[in-house]
Each structure stands twice: as C-alpha cells, then as structure tokens.
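Presented as structure tokens, the chain that follows is alone, the form predicted on its own.
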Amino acid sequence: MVRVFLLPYPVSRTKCFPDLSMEPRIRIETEMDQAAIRDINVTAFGSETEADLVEDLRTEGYARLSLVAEINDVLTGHVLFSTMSIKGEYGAVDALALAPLAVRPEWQRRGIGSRLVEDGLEQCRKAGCQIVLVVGHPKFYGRLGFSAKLAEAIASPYSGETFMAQGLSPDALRGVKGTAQYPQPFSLL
C-alpha cells in the first residue's frame, strides 16, 4: 500500500499564480506517478539520463524524498532528494543530494521549481536531515539558501561554483570536511 502525504501550501494569491486553480499542489510521489515523473525529466532535460537516474536511485533504495508538483491533476514538476555521505578523516557525515529537479518546459519560470525545493527542504529538515548538496545554477539555488562557499571544504567530482551546500540547522556544516560520496547511479552522469 502506498501512503500519500500532502504538504500544505499557501491559499493566498501569488504573482506567479494569480488564478488559485493554477497554484501547484506539492505532494509525495506515488507509484502511479512514476511514468509521468519519467516524462517530466525527459522533457525538461531533453534526454533520458536524468529520468534513468531517478529510476536507478529509487530502485536501489537511495531515494529519500520524491515530490511532485500538480496543477489541475497534471504533474508539472518533480524533485528528488537521495541519501549520500561526506567521508572525512574521522568518519562519514550523512547528507542528501538534491537531484534532479525538473519542471515541464511550458511550466518553467512560474515558481514551481522553487516551491518543490522549498517544500522538499522543509520536509528534510523536519525529518532531521542536516546537510543537502546540489549541483546547479548558482543564481537559482543561491536564492534558495545554497552556497558554493559552504561546499568549499567538501571535495567532489562536481566541485566549483555550481557545487553548493545548505545546512538545514544552525552550524550543520561547521567542521564538516571531506569527500562527497554520491550513490553509484550518479557515476553514470
């Protein structure tokens, strides 16, 4: 049996969704959503790579939180948070990888991706997760609290200005130094 948890969202009108019927409903994916999630990722990225990554992370048990955005019963976006770790001199620190984030092209630039990330981070925080790593556009993820500076002490094959971290509690990243250990499916990217 698949349990569905609905996340609350504001009921007020916003500049992105002046028509409340167009306000995205963010919720946990169900098994029935998986074909649409694949289609969202293929359409958004123009290849099957990210869609395959989602399926591999889900199948191999690394997926921790998978959210979809739904407008008028149509899935418009998806975000996945997967387990990973940061291996340091004194052991490993648990973390999450935010990847991929995808929104159907016709629904992009309307705040759906931001809502998916914000709601996902809040759910991760409530679940006790401390650190989230992402590789992506610095301007977009910077607005959502991610920072390349916070990731400087973490070695990664993705290191650089697009490799960013966020602590989900005060001082979560204090003293964290080591190498990002991504799940095996990420090696196929």
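On a predicted model such as this, the values are computed, not experimentally measured, just so you know. One rule holds for the numbers: they count along the sequence shown, beginning at 1.
Just so it is clear, the following notes concern the form predicted together with a small molecule, a form of the same protein that is not shown.
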| query | finding |
| --- | --- |
| Whether F146, S169 and A172 all lie within 4.5 angstroms of the small molecule in the predicted bound form by heavy atom | no |
| In the predicted bound form, R125 touching the small molecule (heavy atom, 4.5 Å) | no |
| In the predicted bound form, L96 touching the small molecule (heavy atom, 4.5 Å) | no |
| Close approach of Y62 to the small molecule in the predicted bound form, 4.5 Å, heavy atom | no |
| Non-hydrogen atom contact L101 with the small molecule in the predicted bound form at 4.5 angstroms | yes |
| Answer range among 150 to 158, 22 to 30, 131 to 139, 62 to 70 for contact with the small molecule, defined in the predicted bound form as heavy atoms within 4.5 Å | 131 to 139 |
